[in-house]
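Next up: just one chain, as structure tokens, the form predicted alone.
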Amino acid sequence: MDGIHKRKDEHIDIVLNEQVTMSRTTGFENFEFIHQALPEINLADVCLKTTFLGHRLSAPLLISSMTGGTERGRDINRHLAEAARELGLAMAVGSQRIMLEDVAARPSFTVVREVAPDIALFGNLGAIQFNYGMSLRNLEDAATIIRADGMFLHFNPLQESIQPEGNTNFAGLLEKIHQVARALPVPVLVKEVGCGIAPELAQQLAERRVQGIDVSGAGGTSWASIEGMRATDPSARRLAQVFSDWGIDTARSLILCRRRLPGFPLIASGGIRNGLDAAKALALGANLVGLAYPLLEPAARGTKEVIRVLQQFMTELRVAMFLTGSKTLVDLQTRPVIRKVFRG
């Protein structure tokens, strides 16, 4: 178990101290809003409230999966959860595999419900683990222990290919996901970890009772780069460099998945660093916008810092809505305010 704990803290250190952002972009720069010089609304009346999978949120933001399993991870999760509670936002925890294998790691995850009993909370496990001994019972335990409102199954084939301890047998997972999505008492959602979801896969997942997808596209944090920095083998380091920018950019993945799945719950994450890009993502079809990297450093410092960053983000989103004449998120999502440059 020492290896898993060490890996968790190494991930935090690398993200905080190294350059791990892709050189490519999210694609949102290819879109712009049509400015409304006379918005005909009061900025004070712009409303960010929304509902996601039956949960009322004060803004369409998800504090995305980051960490857990160590004392350091416990502090980060506590600060994130306190901010989510204060602001009325949803939150997802980092991979819970470590807590299923080591009971001592559980407090770093259960702390979320201790400080934020009423937030919309999502658990998280790697789908790949179904090919390495994980069972439906394990998934149920992961949800029950943290009192999750839903469970993310994450896909990370590139990261696993480079990670020294990586698992790479992704064969036959679609049907296993179908089985657990049918049986789990809470919704099953899926997400990538920074390489995007293709529309064909999104449709296959929706057909197998998955109830939400986070496209988690390229343009943000490169987990290939992170694992390359951990690797001691020169071959693995080169592999990480070659694939450091791999994936479907976030905007493209979102647009294509939305075209394929009208009305399906979609989350946009991956390189979204400000409220204006969040507004673009919402206008392009996202139901929620996920944030991780921009919150990790503030969460390492304290709850007030997380709240400060999120409030700034929400202010930027609110102003973007105001400047398009959008009083509500429905207005933002239904009005033709986007000039498309990308035509994929």
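This structure is a prediction, so every number in the text was calculated from the model and none was measured. When you see a residue number, it is the position in the sequence shown, counting from 1.
Just so it is clear, the following notes concern the form predicted together with a small molecule, a form of the same protein that is not shown.
Using a 4.5 Å cutoff between non-hydrogen atoms, residue 130 does not count as a contact of the small molecule in the predicted bound form. Within this chain, residue 287 is remote from the site of the small molecule in the predicted bound form, having no heavy atom within 4.5 Å. Contact annotation: residue 221 falls within 4.5 Å of the small molecule in the predicted bound form, judged by heavy atom distances. Remark: residue 66 counts among the residues lining the small molecule in the predicted bound form, judged by a heavy atom distance of 4.5 Å or less. Across the options 239-247, 253-261, 90-98, 133-141, residues that bring heavy atoms within 4.5 Å of the small molecule in the predicted bound form belong to 90-98. Note on contacts: among 57, 276, 291, 53, the single residue with a heavy atom within 4.5 Å of the small molecule in the predicted bound form is 291.
With the partner omitted here, the residue from 41, 48, 296, 309 that has a non-hydrogen atom within 4.5 angstroms of the small molecule in the predicted bound form is 296.
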